[in-house]
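Before any questions on binding or motion, here is one chain by itself as structure tokens, the form predicted on its own.
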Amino acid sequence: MNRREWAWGYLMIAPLVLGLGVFFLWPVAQSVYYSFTDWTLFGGSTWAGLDNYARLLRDPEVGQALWNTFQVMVLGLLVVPLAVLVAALLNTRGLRGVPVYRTLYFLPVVTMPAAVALIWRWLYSGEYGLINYLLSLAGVSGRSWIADPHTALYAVIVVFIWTYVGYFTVIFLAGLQGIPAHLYEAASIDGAGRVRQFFSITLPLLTPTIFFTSVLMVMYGLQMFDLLYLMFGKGSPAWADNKTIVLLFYTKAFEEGAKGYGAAIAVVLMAVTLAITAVQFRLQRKWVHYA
């Protein structure tokens, strides 16, 4: 390439590099710096060294929030096999009404989180919720699912999974339709049944898609905020014990005004996210098959 071609290349990627630097790298650098400072109510800051990180180690709320976030991340991964199952069913030859099914399962993806939270708050209501009404028909007494500290987090995780099933089903449908049909024809000629074809052809060739969706879902789980904030509310008895790390960051930084401490929480979350993602990329060499 000559100089003119190099110059055009740099010019083409300049907007991306500029956006990455301004909207991602600079905020990260600022958050790291702020995590070593202490802020006053009037906006001034003083250097605090490692005080915010020492406070993190002593704060029991941080341990609880990390445990809650870990539960959201792990249980949220259940959306991957669920989406594979739905995609496999929708990919069945001769199935009628596929466009209708696709519209229905994709509705949660295009619905605003506030609307989703309002609908599920009504479903989970202990007094007039539909879930408790259906349980009462079977003689089972329900409970206040999102007000009870023991069930609130799991109730929100169910909504979290439901929200993403449609999105990941679309991705898995694309993965399934990308598998060459002649592989199944050859397997059928060799006498392989549907189960053998699934484990020998479908599943191995879907592993890149499974890996991609699991990385996305882990990040979504680590960053979950809106559903918890909208479904619990500060007045809920479940508010104190069911915060995730992002919700704790919001509470400390924006409600209590401890911006330096909040920045330290954000830096810890970023470190945890990077570590888990690195482990995922390291382990994918052993089980992901790129055809």
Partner chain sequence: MRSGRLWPVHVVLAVGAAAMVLPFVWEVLTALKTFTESTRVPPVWVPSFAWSNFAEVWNSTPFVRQFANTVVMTVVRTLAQLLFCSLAAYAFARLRFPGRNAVFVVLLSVLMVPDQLFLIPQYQIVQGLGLLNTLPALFLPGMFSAFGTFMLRQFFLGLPDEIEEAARLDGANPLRIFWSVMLPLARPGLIAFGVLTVLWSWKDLMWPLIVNTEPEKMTLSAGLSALQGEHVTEYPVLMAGSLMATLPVIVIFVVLQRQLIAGIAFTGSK
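What you see is a predicted model; the values in this text were computed from it and never measured. Residue numbers count along the first chain shown, from 1. Here the rigid core means the biggest group of C-alpha atoms that line up within 1.5 Å when the two forms are laid on top of each other.
In what follows, reference is made to the form predicted in complex with its partner chain, a form of this protein that is not presented.
- Of the stretches 147-155, 69-77, 103-111, 185-193, only 103-111 has residues with a heavy atom within 4.5 Å of its partner chain in the model of the complex.
- Only one of the listed residues (Ala238, Ala253, Ala48, Val62) places a non-hydrogen atom within 4.5 angstroms of its partner chain in the model of the complex, and that residue is Ala253.
- For the options Val84, Leu205, Leu90, Val218, the residue carrying a heavy atom within 4.5 angstroms of its partner chain in the model of the complex is Leu90.
- Taking the partner from elsewhere, Trp120 is found to have a heavy atom lying within 4.5 Å of its partner chain in the model of the complex.
- Residue contact check for Tyr167: one or more of its heavy atoms lie within 4.5 Å of its partner chain in the model of the complex.
- Its partner chain is not shown here, and in the model of the complex it never comes within 4.5 Å of any heavy atom of Thr37.
- Using a 4.5 angstroms limit between non-hydrogen atoms, Leu56 is distant from its partner chain in the model of the complex.
- Contacts between 5-33 and its partner chain, taken as any heavy atom within 4.5 Å in the model of the complex, involve Glu5, Trp6, Trp8, Gly9, Tyr10, Met12, Ile13, Pro15, Leu16, Val17, Gly19, Leu20, Val22, Phe23, Phe24, Leu25, Pro27, Val28, Gln30, Ser31.
- Residue displacement note: Ala14 has its CA displaced by at least 2 Å between the shown form and the other one (rigid core superposed).
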